[in-house]
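A single chain comes next, written as structure tokens; it is the form predicted on its own.
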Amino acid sequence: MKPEVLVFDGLEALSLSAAERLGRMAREAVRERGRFSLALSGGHTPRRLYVLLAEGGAGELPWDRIHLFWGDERFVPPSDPASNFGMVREALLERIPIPPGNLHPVPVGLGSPAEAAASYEKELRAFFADEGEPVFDLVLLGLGDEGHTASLFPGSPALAEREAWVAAAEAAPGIIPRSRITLTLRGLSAARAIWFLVAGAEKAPVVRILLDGSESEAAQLPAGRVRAAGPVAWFLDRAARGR
């Protein structure tokens, strides 16, 4: 199935469209299945989306039926400026009536990234026990200018993981903090839908490879190895699309 490619004039238009569509998806999932499971992305690009969700840009959302997870996390305390959970808390969580039990952050307070990954996998397996796979209704992903997504970096051993849903990982040299916890390709593959949110001209070369290159070229990049049970959509600003 070819991905859906949506191009917007800028980050604001991209975020507004994503918010509206996410709202429709969440309400439909709650009507059909009683809950909506959303795996969040860190980084700069999705922050505006989270603010819009807090401000009602998705319409009224059934927060008591929405469960929030994190696609990856830096192995730092939630108070650290690099924390993905901390960013989401400031942009969204402090401003919405979501029950604490509906939040599923990565347990970074454990002794090591490997222990945190094992604990998070246990939580996911309990939550998705009926499905037997991590069937997130929606996974939000970003894209690094070298092709990484979540915390799956080029050359990372986590890319070769076939069984685990969650793994400890390291960012590429020079990217701080290096210690990470991430959903694996297996952990992403059962999602009902995956959206890549990408903005900025620095992303255009890798976007071109992923969307316009051959399948073998795309597969050289972590983002090009992501597969989903359901549809994949790319939300891009014009700068990231390079046209």
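Model, not experiment: these values are computed from the prediction. One-based numbering along the sequence shown.
The same protein has a further form, the form predicted in complex with ligand 6PG, not shown here; the description that follows concerns it.
Asker: Would you confirm whether the three residues Gly155, Pro222 and Gly224 all fall within 4.5 Å of ligand 6PG in the predicted bound form, going by non-hydrogen atoms?
Answerer: No, the candidate spot makes no contact with ligand 6PG.
Asker: For Gly42, is any heavy atom within 4.5 Å of ligand 6PG in the predicted bound form, or not?
Answerer: Yes, Gly42 is a contact residue.
Asker: Taking the shortest heavy atom distance, is Leu143 within 4.5 Å of ligand 6PG in the predicted bound form?
Answerer: Leu143 belongs to the contact set for ligand 6PG.
Asker: Taking any heavy atom pair closer than or equal to 4.5 Å as contact, tell me whether Asp137 reaches ligand 6PG in the predicted bound form.
Answerer: No - in the predicted bound form, heavy atoms of Asp137 and ligand 6PG never come within 4.5 Å of each other.
Asker: Contact between Ala150 and ligand 6PG in the predicted bound form at 4.5 Å, heavy atoms?
Answerer: Ala150 belongs to the contact set for ligand 6PG.
Asker: If contact means a heavy atom within 4.5 Å, which one of 42 to 50, 208 to 216, 22 to 30, 187 to 195 is the stretch that engages ligand 6PG in the predicted bound form?
Answerer: In short, 42 to 50.
Asker: What residues, if any, in 56 to 85 have a non-hydrogen atom within 4.5 angstroms of ligand 6PG in the predicted bound form?
Answerer: The stretch 56 to 85, when checked against ligand 6PG in the predicted bound form, contributes Asp72, Arg74, Asn84 at the 4.5 Å heavy-atom cut-off.
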